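Listed next as structure tokens is one chain, alone, in the form predicted on its own.
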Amino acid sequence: MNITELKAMSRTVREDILTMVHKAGSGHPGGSLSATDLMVGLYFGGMMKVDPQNPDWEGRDRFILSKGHVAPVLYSVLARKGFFPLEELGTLRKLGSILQGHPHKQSTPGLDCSSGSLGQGLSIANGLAIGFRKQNKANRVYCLLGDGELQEGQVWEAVMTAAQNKLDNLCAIVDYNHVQLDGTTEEIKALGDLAAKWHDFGWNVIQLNGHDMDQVLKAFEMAAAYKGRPSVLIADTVKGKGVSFMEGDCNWHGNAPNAEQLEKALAEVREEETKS
């Protein structure tokens, strides 16, 4: 896809997220919306090697959604990529659905890992990356983390492990939207100079605007080309991106819009098309 097509896909995915969470009556729209452009860039920008017709293809790259609560954005991307019918998006969080509130690998085509408990994803990604290296395989591993999640100690143990093993087949992605469940990350447990932290731990650090599709694509390319260290994309994003009354508001971390709010939110997302 070209940049125009990728931007259009991001708008479509945002519509999916809002509609899914509204219909379910629960879910996590804020962080799903902030991660949308990153996920679209990864899956539709030509970097992620996957085959929807063969979800278990051994040659595929692996993706770990460490912040599992933003499953709606991953489900939308997987459906739009062709891993399962779009109609399934309307079953989010329903009993017996293949799309549970947090990713369940045995239920959903295209998933590489179940997730939900924060702080664990990068450790799993490390294991995959080490395994591929020992087997002399070219598969890459991508792991999306939340910024509030970086307050978990296990994350930093995994950061050290990846650097120690020089896992240049691993790319971490930090959705740095500055807002978590109960407020801003600065108020709750400040992360300080995040880029300097990752650099000092031995990573190749790439900073970007996580809503600029051109920067997103270039960042993934830079990460894939870098050798000798794992790479991290620190993507500056906006919680609830694309919906004015959700942006930067922690109250939309885990709440579903009602019918009136959904209508307004969809109108705002669609209005972006006329500005592009």
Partner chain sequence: MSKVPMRDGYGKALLSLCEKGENIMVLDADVAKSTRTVWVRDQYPERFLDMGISEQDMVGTAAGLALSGMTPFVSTYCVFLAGRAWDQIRTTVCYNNLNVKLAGAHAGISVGPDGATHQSLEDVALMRVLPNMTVIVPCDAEETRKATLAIAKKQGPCFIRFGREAVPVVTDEETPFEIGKARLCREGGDVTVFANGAMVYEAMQAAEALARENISVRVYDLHTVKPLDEEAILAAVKETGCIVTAEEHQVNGGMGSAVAEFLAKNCPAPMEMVAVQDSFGESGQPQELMDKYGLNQKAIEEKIKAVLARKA
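If you're wondering where the values come from, they're calculated on a predicted model, not measured in any experiment. Numbering follows the first chain given and starts at 1.
This next part talks about the form predicted in complex with its partner chain, which is not shown.
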Does the 4.5 Å heavy atom contact test between residue 201 and its partner chain in the predicted complex come out positive?
-> no
Does at least one non-hydrogen atom of residue 189 fall within 4.5 angstroms of its partner chain in the predicted complex?
-> no
Could you tell me if residue 114 has a non-hydrogen atom within 4.5 Å of its partner chain in the predicted complex?
-> yes
Its partner chain contact at residue 120 in the predicted complex, heavy atom, 4.5 Å | yes
Tell me, out of 151, 184, 165, 97, which residue has a non-hydrogen atom within 4.5 angstroms of its partner chain in the predicted complex.
-> 165
Only one of 89, 145, 158, 78 has a non-hydrogen atom within 4.5 angstroms of its partner chain in the predicted complex; which is it?
-> 158
Stretch from 170 to 178, 81 to 89, 190 to 198, 134 to 142 whose residues place a heavy atom within 4.5 Å of its partner chain in the predicted complex = 134 to 142
Honest question, do 251, 256 and 269 all end up within 4.5 Å of its partner chain in the predicted complex by heavy atom distance?
-> no
